[in-house]
Ligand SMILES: Cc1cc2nc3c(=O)[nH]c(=O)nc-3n(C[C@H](O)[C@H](O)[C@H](O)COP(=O)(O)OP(=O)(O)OC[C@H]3O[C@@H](n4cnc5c(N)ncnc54)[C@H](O)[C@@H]3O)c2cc1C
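What follows is a single chain, given as structure tokens, in the form predicted alone.
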Amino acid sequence: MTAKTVAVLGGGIGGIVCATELKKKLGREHRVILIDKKENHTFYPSLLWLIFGLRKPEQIQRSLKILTQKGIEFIKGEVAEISIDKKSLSLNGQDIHYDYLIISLGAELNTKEFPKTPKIFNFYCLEGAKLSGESIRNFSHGKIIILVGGIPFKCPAAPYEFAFLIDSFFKDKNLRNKVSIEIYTPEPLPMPTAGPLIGPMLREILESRQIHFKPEYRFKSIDEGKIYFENSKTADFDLLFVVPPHTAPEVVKKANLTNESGWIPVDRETLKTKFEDMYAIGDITTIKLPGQYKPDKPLNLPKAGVFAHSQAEVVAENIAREIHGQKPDKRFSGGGSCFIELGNNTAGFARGNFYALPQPHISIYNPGKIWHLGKVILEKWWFYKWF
């Protein structure tokens, strides 16, 4: 058997699972290379806890170099070019040739529209989360706005979880009556892709806690204290926390891997791209859902780590089977789940099948402390299992 080289781009959830599973299934005879521009992996589901002082940065990070102990080759660097014809990658002044390529680069955050001021924070990255926490701890009165700068965005529950945690934080300090919390989003309801039940339920919880939900507000621009939306709408703020617009990395655009959506289209069951021996998984993909409850507005699979994880297992299994001369018959079924932090050590939980017909079939469980504990266990399991 000829030795094969499998390259995995991106050291997030999908990339780590895919590289680890591939190496385990392929053994010493074949190379598995993981490439990321950063040395450290950050477990992003824990960023909200970091904001409120419940985690330190070192608790939610691990070095990707640890994966070399499993036989995975780790290269720190940013891929400058993907050559589809040559099946090669250019980075760090060298070309790396591959037999199979898995693109798991995630989404990049476009922050260029947001001025760097003491009032505006990107809570979707590690450094921004740390600064967000400092700003909240030093805040005693005024208006807080959480702004979703564009759709789609990863972890669709996060802006709402953040609002619930801010609400709980100021209640604990007996300052809630001095703080206004508002959410502005282009979405018609929270988490609209999750079917017709979750959005109204979350909106009801928001309203019951005096968190003002402002749907269908499309962001245009911003200055130090005012947000400008389409249709001449504006909003003033004292503190602003943003979900920056998401975009695919430039390297995949240059390689013409994206379509009109701006993301990489893939087969929804196999995660294959239109190019031979090339796959894409996780946030960088666009996958149209087969079932939908709004036929006039086609929906896509949400961008979330739970899907990247499952897709990585499918791709790793199929590539390994193909290399071993077997039929690659594993399929991604569209299943996923989500914890929704509500504050005070409680959380909600939802899970279901996003590929179900005639619409996504999602089950919602009553909020409770058990689901918060479940998320804590998930975090601990992640680091134990993969590092």
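This one's a predicted model, so the numbers in the text were calculated from it and none came from an experiment. One-based numbering along the sequence shown.
Not pictured, yet referred to below: the form predicted in complex with the named molecule.
The chain is drawn here without the named molecule; in the predicted bound form, the stretch among 41 to 49, 343 to 351, 65 to 73, 25 to 33 whose residues come within 4.5 Å of it by any heavy atom is 41 to 49. Taking the partner from the other structure, the named molecule in the predicted bound form has no heavy atom within 4.5 Å of any heavy atom of V315. In the predicted bound form, none of the heavy atoms of H372 sits within 4.5 Å of a heavy atom of the named molecule.
Within this chain, I102 is remote from the site of the named molecule in the predicted bound form, having no heavy atom within 4.5 Å. Not displayed here, the named molecule is kept clear of K87 by more than 4.5 Å at the level of heavy atoms in the predicted bound form.
Of the residues R203, K154, K272, R209, just one reaches the named molecule in the predicted bound form with a heavy atom at 4.5 Å or closer; this is K154. Screening K56, R321, K37, R331 for any heavy atom within 4.5 Å of the named molecule in the predicted bound form leaves a single hit, K37. For the candidate spot formed by G14, E78 and A304, every residue has a non-hydrogen atom within 4.5 angstroms of the named molecule in the predicted bound form. Contacts between stretch 240 to 274 and the named molecule, counted in the predicted bound form as any heavy atom lying within 4.5 Å, involve P249, V251, listed in sequence order.
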